[in-house]
Every structure is written in C-alpha cells, then in structure tokens.
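First, one chain by itself in structure tokens, the form predicted alone.
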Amino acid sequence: MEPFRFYAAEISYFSAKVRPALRYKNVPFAEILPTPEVYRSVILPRTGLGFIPIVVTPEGETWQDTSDILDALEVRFPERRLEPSTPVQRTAARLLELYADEFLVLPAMHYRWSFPESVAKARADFAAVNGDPDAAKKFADRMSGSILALGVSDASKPAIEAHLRDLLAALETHFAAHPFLLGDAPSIADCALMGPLYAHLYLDAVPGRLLRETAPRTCHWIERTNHPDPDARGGWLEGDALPATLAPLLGLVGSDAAPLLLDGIRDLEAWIDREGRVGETPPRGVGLHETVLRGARLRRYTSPYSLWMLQRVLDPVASLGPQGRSRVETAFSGSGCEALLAAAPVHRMGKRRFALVIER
C-alpha cells in the first residue's frame, strides 16, 4: 500500500496526538516535516490553514483537525479501535480529549515559554524542524507572545504549576495499576494527552526534567504510547467500567478545567448573540473573558473551537436512551465533570470543509 503522508513535527502539540494512533493501528505512513516550502505547496493549498498536522491519504484525500483525523482512522482502520463504543468509557475518553486539547495548553505553553532554558531549546527545535532560521524565529516569537492571551501571567502561573503537579501525581498512581488510561489498551484519551505531555512537557527543557524526576511511570507511559507493541492484545476494562484510579484525574478535570472551559463557552455564546451569524465562520478568538483557576484570575481569549470540542462530548450522550444516560450520570457523579455533561449550549458549531461555522 502506498503510505499515508503525515505532515507533522515532533515538538508539535497536535502532531503528538495523531502519531500514536497511526502507529497503534499499523498505518503505513511517512512523516514529512512542515518546512516553509511544504506549507506553501501542500498545507495551505489543501486546507487554507497554516496548521499541522494534516494527513494526505494514498487517494489524495486531505484530513485536517486531529479529532477528525482520529475519527477517519477509526473508519478506515477499525481493527484496533481507539474510541470505545460503550457510553461510560466513550464519555470518559472524550472528556479527557476535551481536557487535553482545550485546557492542558496552559501548562504546556507556560512551561515552554516562561522559562529561558525552555525558550532557548524550543527556538532551536523550531529552527531544526523548519530549516529556515528566520521563519522559525518569527514563528517562535508569535508562539511565545500568545501565552498572555491563553491566560498565563504572573498571577496565574502558581495555579497552573500546581495543577500540573497534581496531574502528574494522579497519573503516577494510575499508571502503577494500569498501562493506559482505560485499562490495558490505548484510547483516544491516551492519544490526546500525548499532545501536551509528550510534545511539550516531555520534550521541553524545564518540564522534561520535572517529569523525569517526579513522574517515571508517566514517562514510561509516554514512551509506551509513542511506541506501541504491535503484538499487544490487551483491552479496556470489561463491563464499560472505569478504573478506580482514574477518579483523581477526572476530579482535576471537574474542579479546574470544567469551570474555566464553561466560562469561555458562556462568553462565546454571548458574542454569537451580539455579533454572530448563522453560516459564518467566526474568528479563532472572539475577544477576552475573565475566569478563575484555583483562586487566580485569568483573562483568556474566547475560543469558538472549545464549543465544537464540547459538542464531541455532549452529542453521544444526548443520543443515548434513558438507561445509557443514567449510567453516564452515575459514573461521573461527584467528579465535578457533571457541569460539563449538563451544559446545554444554545448555539452550535459545525464545519465547512476545514473551517468552523456557526450552525445556530
């Protein structure tokens, strides 16, 4: 079979989400660096967006957006599934995907751009990937300047660092009992967490030491997920159960991530009420909103994409019958994730080709 073409970089947050899925499913692929010429000749013409990763199939079809890529891989290569079909495990996997994609960008970007040693390594890494030092410098300048819009400030840094410490402690306990988040096989949750934990925190200078010194089991999970055993035959827990050791991690999602994400979605809905039009593509950020993390006030950009990701959690739950919804409610009771599962956005995001559009 002609290989799939995976346009990606080792230090790219979302490239790290897709790469383990390609490997776990034994997809024949060639990874291609996103040089300026590749952006000009492939990525921009195919997607209209300057983002990686993208996947180009042997037939010439383009896949963009990591969640859509994982969905497409499940259809094309169903033998080694990554997304559970049972309601509780599927909800857990998608909650953790939402958390990884939309919340863990805070510690990932903080630890890359707030410490001079990490900044120096990241700039050198960008230049190595890019091959064009001037273009790499401009990209690094743009990324380093983005942390204020994410809500990283002197006031919020202690809360962000405390969250990461608690996350690593929860993962260390969990990985002492289970090799992957849902049991003995990876899922989309493992793939999603690889974005922040591998591409940023494991590979960057300052957090890389933190992980190796304080979270050896998590480091081993990173290596194991990035290099899956092709002969492994494990599965998720039977009976749609969640590991008991996953509870502290879900508690962090509920206590820290859920309020912050819901504040952003409320602000987005208010913006759509004022300025949005059905069928239009919103800007990537529609202003700034206030939120709180562990008592620290954050001022963050308001992202329409967070609503699209929340829909990935809510839509499958809404499609369940009463018994299935009851199982989900029971499974997440007391985690704090109830607020996310109870969210009822008035507006909705869809996709037109690769761009978000307001559907209602």
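So that there is no doubt, residue numbering starts at 1 and follows the sequence shown. Only a predicted model underlies this, so the values are computations on that prediction, with no experimental measurement involved.
As for the form predicted in complex with a small molecule, it is not shown, yet the points below apply to it.
Undergrad: Check each of 310, 55, 293, 52 and return the one that places a heavy atom within 4.5 angstroms of the small molecule in the predicted bound form.
TA: It is 52 that has a heavy atom within 4.5 Å of the partner.
Undergrad: Identify which of 88, 237, 262, 143 has a heavy atom within 4.5 Å of the small molecule in the predicted bound form; exactly one of them does.
TA: Looking at 88, 237, 262, 143 one by one, just 143 meets the 4.5 Å heavy-atom criterion.
Undergrad: Looking at the small molecule in the predicted bound form, is some heavy atom of each of 13, 139 and 284 within 4.5 Å of it?
TA: Result yes, every residue of the spot touches the small molecule.
Undergrad: Is there a heavy atom of residue 302 lying 4.5 Å or less from a heavy atom of the small molecule in the predicted bound form?
TA: No, residue 302 stays farther than 4.5 Å from the small molecule in the predicted bound form.
Undergrad: Is residue 31 close enough to the small molecule in the predicted bound form to count, meaning some heavy atom within 4.5 Å?
TA: Judged by the heavy-atom cut-off of 4.5 Å, residue 31 is well away from the small molecule in the predicted bound form.
Undergrad: Wondering, does residue 64 line up within 4.5 Å of the small molecule in the predicted bound form on heavy atoms?
TA: Taking the distances in the predicted bound form, the answer for residue 64 is yes, it comes within 4.5 Å of the small molecule.
Undergrad: So if I measure heavy atom distances to the small molecule in the predicted bound form, which of the stretches 23-31, 316-324, 44-52, 329-337 falls within 4.5 Å?
TA: Among the candidates, contact is made by 44-52.
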